[in-house]
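Have a look below at one chain only, the form predicted alone, in structure tokens format.
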Amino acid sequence: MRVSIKQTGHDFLGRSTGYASLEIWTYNLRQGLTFHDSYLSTSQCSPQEPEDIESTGAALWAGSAITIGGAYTWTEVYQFAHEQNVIVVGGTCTGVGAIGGYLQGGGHSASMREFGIAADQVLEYTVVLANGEVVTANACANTDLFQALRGGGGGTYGVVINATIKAYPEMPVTAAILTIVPQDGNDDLATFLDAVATWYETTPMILEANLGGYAGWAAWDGDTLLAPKVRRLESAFGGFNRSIDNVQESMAPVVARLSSFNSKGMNVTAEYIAFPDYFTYFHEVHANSMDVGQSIIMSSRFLRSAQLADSTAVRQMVNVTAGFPGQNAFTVVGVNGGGAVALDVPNTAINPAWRESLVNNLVARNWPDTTPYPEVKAAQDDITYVKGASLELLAPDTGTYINEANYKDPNYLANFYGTTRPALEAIKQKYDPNDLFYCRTCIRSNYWYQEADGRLCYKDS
């Protein structure tokens, strides 16, 4: 029987649902949130013992930590962390379950350039395996399973019932808010897209200034879900433990590079705001929510510095992803590469292209639930074969962030998992040899096909 695992919050790829499947819903498996002043693993894996742990490449941690004992949302985890005066690396969509697909699929964050990808923060999991056994996975117990669950995708290797993650001391953050908006009466699309393309070229400068954050832009008015609903680009970046003057000075070359567009019908503005702590900064600048069940399709791509420096190719990509009136096309850009993201963290299954990249660029379209299927199909094909294809043309040798990707991607195994796929397939076969846990884009999904009634059948060849 087909089995799927569901926690809470949205899943853009439909991995937490399965037609005619038995669904394991973990929402009510909640055993509390626990703060640890100094982390010590369940299996007594510490920096001192056993002595050979260092040789295995295990990432060890003696700082603070929080155990998330079940299906809590980031809203709940953030509030708990704030009460302990610590920072945790989590999602910007706060209604998402903290230890489900977000964490197991990698997890980007407004604090990741400072502290690393969300999966890098996991110190320990408790997992129910396909055979019913409950095991601990950490740096010295079931390390292969630990690796797979730190970036190899959710709903695939077992049912995670709790996770312990790193926590960092709270600190002040200064935000840089940069916007590009057409001046009143200006309907010059080409100049706006020129400005957007130039903004992409400045992202390495922003990261070199030790700032990180997000941007969203749209070329046409519409009812977009995750970006401006009018023609504009909005971006926000955070500097940890830095003053307004320091951040403003760091952003000066970026603002100067874009300022020429002020005489070409655009308003390029920069604003700087100091926040007393990360909690306040995050909730005032980045936090958002999204209802479950939205009609949307997206494609994303990691972009390296060389690709961002190719002004002609970037401008061509921007022109394609901008779309046309009525498409509800929009782009969200994670500008948070380098820093702690680029560290070679052991025991993770993150697509290596992510660590080598500076930007994660997502293009999407959404539509009302009453939209006729031919129009839905046209939007899906547009993202798959036009807009998403333009991102892959710009960066053919990188990959995609598996939690914000196109479930119709014909090359999903290579784009989602990169060079980690062989190791992940071996781990999957070890812990779930009969492929009990299935989703259409998960590891080993290519060995199965789905009948019209939802049944799964094994491919003979």
Ligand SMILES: Cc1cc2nc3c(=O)[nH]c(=O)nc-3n(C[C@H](O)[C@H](O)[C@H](O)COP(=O)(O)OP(=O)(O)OC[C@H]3O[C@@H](n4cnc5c(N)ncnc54)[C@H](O)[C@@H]3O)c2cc1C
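Computed from a predicted structure; not experimentally measured. Position 1 is the first residue in the sequence shown; the rest follow in order.
There is also a form predicted in complex with this ligand; it is not shown, and the following applies to it.
Q: Under a 4.5 angstroms heavy atom criterion, identify the one residue in N131, N85, N288, T371 near this ligand in the model of the complex.
A: Residue within 4.5 Å of the partner: N288.
Q: Identify, from the list G334, G152, G155, G388, the residue with a heavy atom within 4.5 Å of this ligand in the model of the complex.
A: Contact check passes for G155.
Q: Among the candidate stretches 95 to 103, 172 to 180, 216 to 224, 194 to 202, which one is within 4.5 Å of this ligand in the model of the complex when only heavy atoms are counted?
A: Correct option: 95 to 103.
Q: Can G107 be called a contact residue for this ligand in the model of the complex at 4.5 Å between heavy atoms?
A: Yes, G107 lies within 4.5 Å of this ligand in the model of the complex.
Q: V159 versus this ligand, in the model of the complex: is there a non-hydrogen atom within 4.5 Å?
A: So V159 counts as contacting this ligand.
Q: Answer for G18 alone: is it within 4.5 Å of this ligand in the model of the complex, judged on heavy atom distances?
A: Although this ligand is absent here, G18 would stay clear of it in the model of the complex, with no heavy atoms inside 4.5 Å.
Q: Using a 4.5 angstroms cut-off on non-hydrogen atoms, would T26 count as touching this ligand in the model of the complex?
A: Judged by the heavy-atom cut-off of 4.5 Å, T26 is in contact with this ligand in the model of the complex.
Q: For a quick test of understanding: in the model of the complex, does each of P228, R231 and T321 have a heavy atom within 4.5 Å of this ligand?
A: Not a single listed residue reaches this ligand in the model of the complex, so no.
Q: Considering only 399 to 413, what residues come within 4.5 Å of this ligand in the model of the complex, judged by heavy atoms?
A: Result: Y401, N403, E404.
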